[in-house]
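First comes one chain, alone, set out as structure tokens in the form predicted on its own.
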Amino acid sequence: MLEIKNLTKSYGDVVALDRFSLDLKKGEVLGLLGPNGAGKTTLISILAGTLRDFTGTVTFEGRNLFSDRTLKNRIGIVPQDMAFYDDLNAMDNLLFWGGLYDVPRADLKRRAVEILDLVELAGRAKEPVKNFSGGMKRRLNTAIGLLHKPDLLLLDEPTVGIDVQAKVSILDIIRNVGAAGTAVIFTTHQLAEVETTCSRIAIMDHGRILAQGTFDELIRIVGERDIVEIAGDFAAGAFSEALRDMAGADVELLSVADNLASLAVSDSGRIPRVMDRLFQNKLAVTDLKIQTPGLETVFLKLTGRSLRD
């Protein structure tokens, strides 16, 4: 349905997208996971048509997305920043934006009522949006993107800064939209959101996709190994040197910095040997955490740093 090839965008010397390529099928919910600055918002802005001066191609059902204006109304956009008028009520916002999307007048009011019910705002339809909570505003933002029944929905960090209940509501909407046949690209840096919402996950950093697949496929990148995070008072070089002759299939150094390092070990029985080696080299350890592989450890394996960094 959507095919992106070698999309490249720079801001001066900073490369935001670096030969980015991606395919998306009808009804697929793709979670684009990466830290701030990974290029996620730049990608959404280009697909939405609000950012120019890039290279590469984007086709939608075999047609150039940017030269065929008829395709614009088949895309729904939920930006990270709120895109509505605070002084209008929820219903009037939907009627205004629906008109811009060329929703037929005879269908617009009925569709607005339906979508307000979907996002659980039916009882607040006539209330000025400026009175809404942050979660309600996020749900209205999502409603506007869905109003015209798009074939492709783009959501850029749609759950930023909202309470848990509102977040759960929006993630449920995203799942249901995908199940109904709409293709979805959903950007986030929240691990739990993509695990529970997306049919496919793409891990992104520095403008490129590092790996993609289902949750289980991505976990296999790390393998069935425990991840050990060690904190203490040590230099990165000293830590690496202490474990140099232990490194291999059984003990893999994933990342190391002053005072913090992460290892992948084939079994928990290797951990006491690692600790003995550190103590022999007089490296002070203040904390040790053991966890099973997850998306955080996949990101760590691919980039050498935590998604939180």
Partner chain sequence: MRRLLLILGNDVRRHLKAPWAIVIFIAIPLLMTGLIGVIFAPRSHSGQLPPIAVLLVDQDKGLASKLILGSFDVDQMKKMFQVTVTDEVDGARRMKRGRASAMVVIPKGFTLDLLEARPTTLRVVKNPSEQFLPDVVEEFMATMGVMLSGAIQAFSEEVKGLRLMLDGPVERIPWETLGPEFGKAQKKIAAAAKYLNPLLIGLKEEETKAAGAKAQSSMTDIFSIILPGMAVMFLLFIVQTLMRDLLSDREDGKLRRMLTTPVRPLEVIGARILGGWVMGVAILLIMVAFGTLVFHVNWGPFGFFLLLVVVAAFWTAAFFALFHALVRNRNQAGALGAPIILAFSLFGGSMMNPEVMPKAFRAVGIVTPNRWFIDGAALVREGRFPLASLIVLLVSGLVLLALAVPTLRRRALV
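Predicted, not measured: the structure shown is a model, and the values here were computed from it. Numbering follows the first chain given and starts at 1.
This protein has a second form, the form predicted together with the partner chain, left out of what is shown; the following refers to that one.
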The one residue among 58, 253, 257, 48 placing a heavy atom within 4.5 Å of the partner chain in the predicted complex is 48
Which residue, 72, 175, 208, 167, has a heavy atom that falls within 4.5 Å of the partner chain in the predicted complex?
72
Is there any non-hydrogen atom of residue 99 lying within 4.5 Å of the partner chain in the predicted complex?
yes
Proximity of residue 87 to the partner chain in the predicted complex, heavy atoms at 4.5 Å
yes
Answer for residue 188 alone: is it within 4.5 Å of the partner chain in the predicted complex, judged on heavy atom distances?
no
4.5 Å heavy atom contact, residue 218 to the partner chain in the predicted complex:
no
Heavy atoms within 4.5 Å of the partner chain in the predicted complex: which stretch in 231-239, 144-152, 199-207, 158-166 meets that?
144-152
